[in-house]
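As a starting point, one isolated chain is supplied in structure tokens, in the form predicted on its own.
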Amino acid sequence: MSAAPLALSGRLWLGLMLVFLYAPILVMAAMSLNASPFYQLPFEASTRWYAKLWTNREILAAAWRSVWIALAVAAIATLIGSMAAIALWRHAVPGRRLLQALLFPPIAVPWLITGTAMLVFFFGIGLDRGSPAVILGHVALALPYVIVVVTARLQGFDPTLEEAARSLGARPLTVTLRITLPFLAPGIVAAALFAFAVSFDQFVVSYFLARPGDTTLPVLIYTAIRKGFTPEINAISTIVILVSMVLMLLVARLARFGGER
């Protein structure tokens, strides 16, 4: 088979995959702009459901709770994860390979199991369900992503720059602040955005650890769907998806997952 048919079939397959992935999202976004609450056709464009969001105190409260929890998680996970990544890269810690390998099971383990384990553990240490438990749970989920992203950025760092700075009399803290951190800045920002997205979109762990009546936005959306689906859920879900996609695009851009151009 010549190269042209292979290239055409590859593009067709890629196109079908994109349609499979994004068609439901596009339909949901379109229905959020339909004036009819029963999805009646013909389609009548309207932003009434987005306008109604601003008067829905329950949704606004859950959205604000998700945002500030995600900001707290991003700050904590980025600080701890960046320090851990630098330490594992800079120092020959005993069992470093094992520690790095242990970062991946929390990513692979189903979140249902992780949420159950966290609920049992927090109950055992006397930490009740609520925002503190949710933040700790989200930090545990976000840390592996932060460490992996910052470590990937460190792979392109030249250690001789630090050695040259130390040979000129710079102290370790000065070397870190003046040499290492400026180079790591794009990776750290990307890791923070990744941690924010992981926390903001998290449903399972939030469902287990959030207090009833004090839920995050994904949990509220799930609860609203169980009670009765309304176009407002389409609207807020479309906003959440757009925010998540923008964050992931920024992460990909800053971390340069696609390589240098």
Partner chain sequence: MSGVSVSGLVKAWGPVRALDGLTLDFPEGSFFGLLGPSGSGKTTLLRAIAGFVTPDAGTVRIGGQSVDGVPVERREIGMVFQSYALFPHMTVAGNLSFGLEVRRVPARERARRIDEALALVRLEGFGGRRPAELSGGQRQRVAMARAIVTRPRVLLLDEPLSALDRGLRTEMQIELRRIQREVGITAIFVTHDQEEALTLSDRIGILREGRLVREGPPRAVWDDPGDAFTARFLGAANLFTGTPEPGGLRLASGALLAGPPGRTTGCLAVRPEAMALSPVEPGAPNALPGRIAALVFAGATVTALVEAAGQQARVTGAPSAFEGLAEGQPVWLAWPPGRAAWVAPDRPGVATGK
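Residue numbers count along the first chain shown, from 1. What you are looking at is a predicted structure, and each value in this text was computed from that prediction instead of being measured.
Although it is not shown, the form predicted together with its partner chain is what the next lines describe.
Novice: Is Ser131 a contact residue for its partner chain in the predicted bound form, using a 4.5 Å heavy atom cut-off?
Specialist: Because no heavy atom of Ser131 falls inside 4.5 Å of its partner chain in the predicted bound form, the answer is no.
Novice: Should Gly126 be classed as touching its partner chain in the predicted bound form when contacts are defined as heavy atoms within 4.5 Å?
Specialist: Gly126 lies outside the contact set for its partner chain.
Novice: Is Gln155 close to its partner chain in the predicted bound form, meaning a heavy atom pair under 4.5 Å apart or at it?
Specialist: Outside the cut-off, so no.
Novice: Taking heavy atoms only, is Val189 within 4.5 angstroms of its partner chain in the predicted bound form?
Specialist: The answer is no: Val189 has no heavy atom within 4.5 Å of its partner chain.
Novice: What residues of 157 to 172, in sequence order, lie within 4.5 Å of its partner chain in the predicted bound form by heavy atom?
Specialist: Asp158, Thr160, Leu161, Glu163, Ala164, Ala165, Arg166, Ser167, Leu168, Gly169, Ala170, Arg171, Pro172, in sequence order.
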